[in-house]
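This text opens with one protein chain seen in two forms, each one given by itself as structure tokens under the names structure 1 and structure 2.
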Structure 1
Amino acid sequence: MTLTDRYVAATLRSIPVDKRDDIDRELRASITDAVDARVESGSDPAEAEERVLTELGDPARLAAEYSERPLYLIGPELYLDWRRLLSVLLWIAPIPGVVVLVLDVLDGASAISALGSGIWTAGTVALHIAFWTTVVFAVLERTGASVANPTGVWTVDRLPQVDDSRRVPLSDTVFTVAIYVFLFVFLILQRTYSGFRSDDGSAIAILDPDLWSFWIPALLVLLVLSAVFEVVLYAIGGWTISMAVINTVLSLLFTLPVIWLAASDELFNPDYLVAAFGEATDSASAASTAVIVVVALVAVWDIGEGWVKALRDRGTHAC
């Protein structure tokens, strides 16, 4: 296998299959032409090949040029939105950190270890926020740009209106993501930080431990997806019908199981109810009713908000 073979193979690797044959033949012919020209003017063939390939440069870059792929993660169109959103979202990270720190102190841990786990929690949350926000924007950079800008020509009609109510306010995004982070942290921490301990000293979880076999992990995944959804919504800049549909699905996927679990008294840990309220029957129905009412109201609000804004924006857009 010659250097040229290896170079062409490396270039073709990341080029769409249907274009490979043509680029393969053309690139090979161009390289051979350039090598021959050098040999004719007196170069050693091996040296000439090496020089030609060196001048062509990194095959990955050449492949990106051929397939018109961006050579950056987030381009200038999205960079400012990405930075703005990320820098605000990161302010959420210290909150669960402080919560863990306080709970550790209340639990009798030493100041050093409480501080350590607080910082570790804040760091982990910050890492997740940064990672997922960046992933969403990088994906939008590669897919969304062509959707948002199908004609390719910018006109003044596309200028964002400064007080445009269609624009999702940053505060909405931050508030909603903060709630998801809180719920996420709560689901994790309720196992160990309920404030009650059984006789053998182990912590009593607030939620039924059986739920860890499926429902709690599922809800954790849904919370992450919901947070990602909020970031996408902010990046897109407004509600659309399809975003309202996705929002409805996410909301129902979270709400219906929670209501069902609460209604069938499978949500709370009976041991916790006994420890906290002295008995498990009346308190269970009271706690479950409260959860059902709150969760249902939030869901109605959340789903409704999406549809109202999506339909209203479609109206203004049509005018």
Structure 2
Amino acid sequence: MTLTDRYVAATLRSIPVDKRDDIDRELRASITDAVDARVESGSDPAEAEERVLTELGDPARLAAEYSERPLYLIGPELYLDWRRLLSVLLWIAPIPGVVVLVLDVLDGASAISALGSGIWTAGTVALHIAFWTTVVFAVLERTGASVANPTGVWTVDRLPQVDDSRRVPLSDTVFTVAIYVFLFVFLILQRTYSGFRSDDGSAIAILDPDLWSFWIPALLVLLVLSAVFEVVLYAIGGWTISMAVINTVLSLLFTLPVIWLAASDELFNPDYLVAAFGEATDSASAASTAVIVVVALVAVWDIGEGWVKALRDRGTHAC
């Protein structure tokens, strides 16, 4: 096998199958022409082939050029938005850490243990925020999704405005993601920090422990997906019909199970209700009703806001 054969094989390894034949012919023809030109100038054929292949460079890089595949994680078009959003979202990370630290101290843990738990929690949240934000922008980079500034060139249109109906404000994104982070942390911590303990000293979970068999993990996944959705919404810069549909689906997937669990008295831990309200069933019923009302109102507002903005932006484009 010649150097050219090895070079072409290395290049085609990263090329989609349906494009390999055309690129194989094109690349070999290009190499042959370049080698012939050097040989005609008096170069040794073997030396000419080696120099031509060396000038072509790394086959993986050449394959990326043929495939129009970026060799960077986040390109200049999205980098500034990624950095701006990530730098603000990371300020959310210390909040769960402080909560865990305070709860550990109130629970009687030593200062060193509480501090360690707080730092570990804050670090874990920061890692997740950085990871998922980067994943979203990397996917947008590779899928060619439209963004608020498709040219990547700064213009006066990017100056902040008092009322920008198309651009998703960074503050809205951060606030919404912070809520999802809070709910995520709550679902996990409510098992061990509820303010009440059983006779054997173990913490009484707020939510029914049986929900960990399916519902709570499912809700945790939905919270992560919802946070990722907010990052995507910020990255593309505005509401569309497709984004409104996705937002509706995510909201309903979270809201309907919570309402159903609360309405069927399967949401709260019975032991917690007894510890918190005694035998007052009216208080327990009121807690479930409050959850249903709040969750329903938030869902209606969230879904309605998404559709209003999507339809408004669509109407603006139509004009």
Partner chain sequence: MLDPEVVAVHGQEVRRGSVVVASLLMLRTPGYGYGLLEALADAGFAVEANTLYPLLRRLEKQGLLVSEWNTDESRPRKFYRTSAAGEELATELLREWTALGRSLEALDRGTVPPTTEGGAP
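Keep in mind that what you see is a predicted model, and the values were worked out from it rather than measured. Each residue is numbered by where it sits in the sequence of structure 1, with counting from 1. The term rigid core refers to the maximal set of C-alpha atoms that superpose within 1.5 Å between the two forms.
**Q** Between the pair I just shared, point out the form predicted in complex with its partner chain.
**A** Between the two, the form predicted in complex with its partner chain is shown as structure 1, not structure 2.
**Q** Out of Leu252, Ala93, Pro70, Val245, which one is the hinge of the rigid-part motion between the two structures?
**A** That leaves Pro70 as the hinge residue.
**Q** Can you give me the rotation of the smaller rigid part relative to the larger one between the two structures, rounded to whole degrees?
**A** Value: 18 degrees, smaller part relative to larger.
**Q** Would you mind giving the Cα movement of Glu26 between the two structures in Å, after fitting on the rigid core?
**A** Glu26 C-alpha displacement between the two structures, core-aligned: 5.0 Å.
**Q** When the rigid core is overlaid, by how much has the CA of Gly57 moved between the two structures, in Å to one decimal?
**A** Gly57 is displaced by 3.5 Å at its C-alpha.
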